[in-house]
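We begin with a single chain expressed as structure tokens, specifically the form predicted on its own.
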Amino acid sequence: MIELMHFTKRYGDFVAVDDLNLSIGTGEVFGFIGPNGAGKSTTIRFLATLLRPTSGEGKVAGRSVTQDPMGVRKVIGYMPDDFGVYDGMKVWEFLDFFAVAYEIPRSYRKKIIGQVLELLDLTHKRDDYVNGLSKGMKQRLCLAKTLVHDPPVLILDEPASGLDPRARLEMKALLNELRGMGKTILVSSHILSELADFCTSIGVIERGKLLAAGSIADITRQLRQHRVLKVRVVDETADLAAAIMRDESNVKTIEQFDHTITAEYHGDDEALATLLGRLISSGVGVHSFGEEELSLEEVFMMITKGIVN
């Protein structure tokens, strides 16, 4: 759905984005993460047809960003990191303005605006003036205007920037709802906790270089040469569980703290299932059994320290 091929953007001697290659499939929610100034917004503005590349190409829904920018604009909803609103306009008038820009017929505009207001929980603000809205409501309104033409692709640059904690949670819920509607979403942020719960894949960029891209699980497997297994058991069976696990050839190191056992595990899924069966059949009261996952913050720090090239 979204492709970048050798995208490069230079400003004089400064390289903002360097030879970026990326592919985002239909229905994915792709989290574009990196510190401020890493190249996220430059890449997003190129995909939104607002920036010419120094070299390279991009495609959105099969349309060329450089050769068919008007075609790209018809299939994307773009939400910039900083946007203005038109003072003196009511909420419905603001949305109607963009509906006209997208050439939506007059006979459909009222219905579409009503649907978008309901989706974004802005119906009660329909006749309020835009300049009187809170920051969070303005963010909702900006997201609403990206949806009036029902684009299959959403490109959102720091959509929760500047919001208070409650408004951030509400924005996250909205993005989850859009994901459920089948939208392909590219969303950038430098606040990793905003992305961890709903992204199907991520890309890490720093100093204009894409360091890693893929599902969080795949990237974690690249970072770790082994699994970290965490087993919680009923207290009186902890020693038995630890002894059984020490006897496993796939267990390389083991730590026991009260009724929690953490082990470095080198086996595959089938061996893991066999170990669980052995624990249960030996009378161990297993409370929980699974891999210890890296947080998105840990993944980011490990990548940017050069563990993944």
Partner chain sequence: MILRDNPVLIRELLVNLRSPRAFALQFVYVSLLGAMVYFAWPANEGQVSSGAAQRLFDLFFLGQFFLVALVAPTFAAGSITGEKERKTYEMLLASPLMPTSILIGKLLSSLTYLVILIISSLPLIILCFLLGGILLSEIARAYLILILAAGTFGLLSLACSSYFGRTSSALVVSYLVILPLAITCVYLTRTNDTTLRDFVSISVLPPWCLMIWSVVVIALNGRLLRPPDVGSEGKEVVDEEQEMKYAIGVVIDRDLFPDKLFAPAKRTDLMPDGTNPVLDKELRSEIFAQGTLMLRVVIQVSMLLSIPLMAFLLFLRPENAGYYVSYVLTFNLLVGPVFSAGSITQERERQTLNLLLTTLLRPGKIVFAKLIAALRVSTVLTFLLTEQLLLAYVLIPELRDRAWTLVIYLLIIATCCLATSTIGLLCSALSRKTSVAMILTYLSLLLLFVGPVGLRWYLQGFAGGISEARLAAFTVSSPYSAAFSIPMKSSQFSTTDANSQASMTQQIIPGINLPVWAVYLIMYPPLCAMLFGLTYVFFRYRWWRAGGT
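Positions refer to the first chain, counted from 1. Because the structure is predicted, anything quoted here is derived from the model rather than measured.
Absent from the display: the form predicted together with its partner chain. The rest refers to it.
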Subject >> Within 4.5 Å of its partner chain in the predicted complex, all of 1, 17 and 168 (non-hydrogen atom) >> reply: no
Original post:
residue 88 near its partner chain in the predicted complex, any heavy atom under 4.5 Å?
Top reply: yes
**OP:** Give a yes/no on whether residue 98 approaches its partner chain to within 4.5 Å in the predicted complex, heavy atoms considered.
**Re:** yes
**OP:** Look up in the predicted complex whether residue 150 has a non-hydrogen atom within 4.5 angstroms of its partner chain, and give yes or no.
**Re:** no
**OP:** Examine residue 267 and determine whether its closest non-hydrogen atom to its partner chain in the predicted complex is within 4.5 angstroms.
**Re:** no
Original post:
Out of the stretches listed (168 to 176, 73 to 81, 212 to 220, 232 to 240), which one is close to its partner chain in the predicted complex, meaning heavy atoms within 4.5 Å?
Top reply: 73 to 81
Original post:
Of the options 133, 117, 163, 196, which one has a non-hydrogen atom that comes within 4.5 Å of its partner chain in the predicted complex?
Top reply: 133
Original post:
Quick one: of 202, 113, 187, 122, which gets a non-hydrogen atom within 4.5 angstroms of its partner chain in the predicted complex?
Top reply: 113
Original post:
Heavy atom within 4.5 Å of its partner chain in the predicted complex: which residues of 102 to 122 qualify?
Top reply: 102, 103, 104, 105, 106, 109, 110, 113
